[in-house]
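Below you'll find only one chain, the form predicted alone, shown as C-alpha cells.
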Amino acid sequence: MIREFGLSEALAILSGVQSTILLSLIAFAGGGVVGLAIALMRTSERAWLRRCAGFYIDFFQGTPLLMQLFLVFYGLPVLGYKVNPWVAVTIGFTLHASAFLGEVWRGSIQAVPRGQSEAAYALGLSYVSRMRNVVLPQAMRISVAPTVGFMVQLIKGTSLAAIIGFVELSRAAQIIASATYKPLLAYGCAAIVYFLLCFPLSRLSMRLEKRFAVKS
C-alpha cells in the first residue's frame, strides 16, 4: 500500500540524523586517536615506522570507502567474528578517518619550522618532550582548518553505510521513498538535513583557514 508523504514520514527521515551524527562523532574521535599515532609514526626517526604508516595511509586513501566497509562487514565473519552493521560501520569509518587525519596531521607536523625542533633538541629535550611541548601545539593550530574540513567529508560519507544495512539519514530516506513512491521529497528532505549539518562546518573551516593565514 502506497503511503502519503506527510509529517510522520518527514520525522521518520529525521530519525536517521541521530545515527548519522553519532557515527560521525565516533569515527572522528576514534580516527583522531589512531590518526595521531599514524602521524607520529610518519614523522618518526625510524624508517620502518614511517614505511608501515605510509602503507596504512596508502591503502585507505587508495581504496574506495565502500570497499573498506565491505571488507570489514564480510571479512570479519570469515575470521570468526560476527559483527552487526553498527559495529562494522564504526570500525570501517574509524580506520578510514584515521588514515586521512593521520596524513593531515603529518603535513601539519612537518609544516612546523625545522628550527623549532632542532632548538628543542639542542636544549636536551627528548623526542616525546619535543613533540608534546614544541611541535604538536604549533601543528594543532595549523591543522584545525583541514581537520574541520575533513569532518564535513566524513558526515557526507556516512551515507555509504546504508549499503550494508545501517539505518542512517540516507537509508531512512530510502525507506520512506520506497513506501511513498515520492523519492524527490524523501531525498530532498535528506539533502536539506545534510546541508544544515555540513554548511556551518564548511564555513567554519574557511573562516579558520583565513584567520590562521592572517596570523601567520
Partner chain sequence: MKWVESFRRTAVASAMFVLATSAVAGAAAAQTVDSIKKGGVLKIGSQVSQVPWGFSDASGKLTGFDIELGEMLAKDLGVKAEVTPVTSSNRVAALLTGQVDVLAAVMGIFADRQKVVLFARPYTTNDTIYIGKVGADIKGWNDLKGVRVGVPRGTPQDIAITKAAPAGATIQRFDDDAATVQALIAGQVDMIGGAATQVPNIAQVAGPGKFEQKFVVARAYNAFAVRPASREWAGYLSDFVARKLASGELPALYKKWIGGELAQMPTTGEGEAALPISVVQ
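Positions refer to the first chain, counted from 1. Quick caveat, the model's predicted, so the values are computed rather than measured.
There is also a form predicted in complex with the partner chain; it is not shown, and the following applies to it.
A.B. asks: Report whether the minimum heavy atom distance between Ser44 and the partner chain in the predicted bound form is within 4.5 Å.
C.D. replies: It does not: once the partner chain is placed as it appears in the predicted bound form, Ser44 has no heavy atom within 4.5 Å of it.
A.B. asks: I'd like to check something about Ala122: if you look in the predicted bound form, is any of its heavy atoms closer than or equal to 4.5 Å to a heavy atom of the partner chain?
C.D. replies: Close contact is absent here: in the predicted bound form, Ala122 is far from the partner chain, nothing within 4.5 Å, heavy atoms only.
A.B. asks: Answer with yes or no whether Tyr74 is in contact with the partner chain in the predicted bound form, where contact means some heavy atom within 4.5 Å.
C.D. replies: It does: once the partner chain is placed as it appears in the predicted bound form, Tyr74 has a heavy atom within 4.5 Å of it.
A.B. asks: Would you classify Arg3 as touching the partner chain in the predicted bound form, given a 4.5 Å non-hydrogen atom cut-off?
C.D. replies: Heavy-atom contact with the partner chain at 4.5 Å: present for Arg3.
A.B. asks: Check Leu23, Met131 and Pro137: does every one of them have a heavy atom within 4.5 Å of the partner chain in the predicted bound form?
C.D. replies: Contact check failed for every one of Leu23, Met131 and Pro137.
A.B. asks: Among 139-147, 107-115, 81-89, 122-130, which stretch has residues whose heavy atoms lie within 4.5 Å of the partner chain in the predicted bound form?
C.D. replies: Single hit among the candidates: 81-89.
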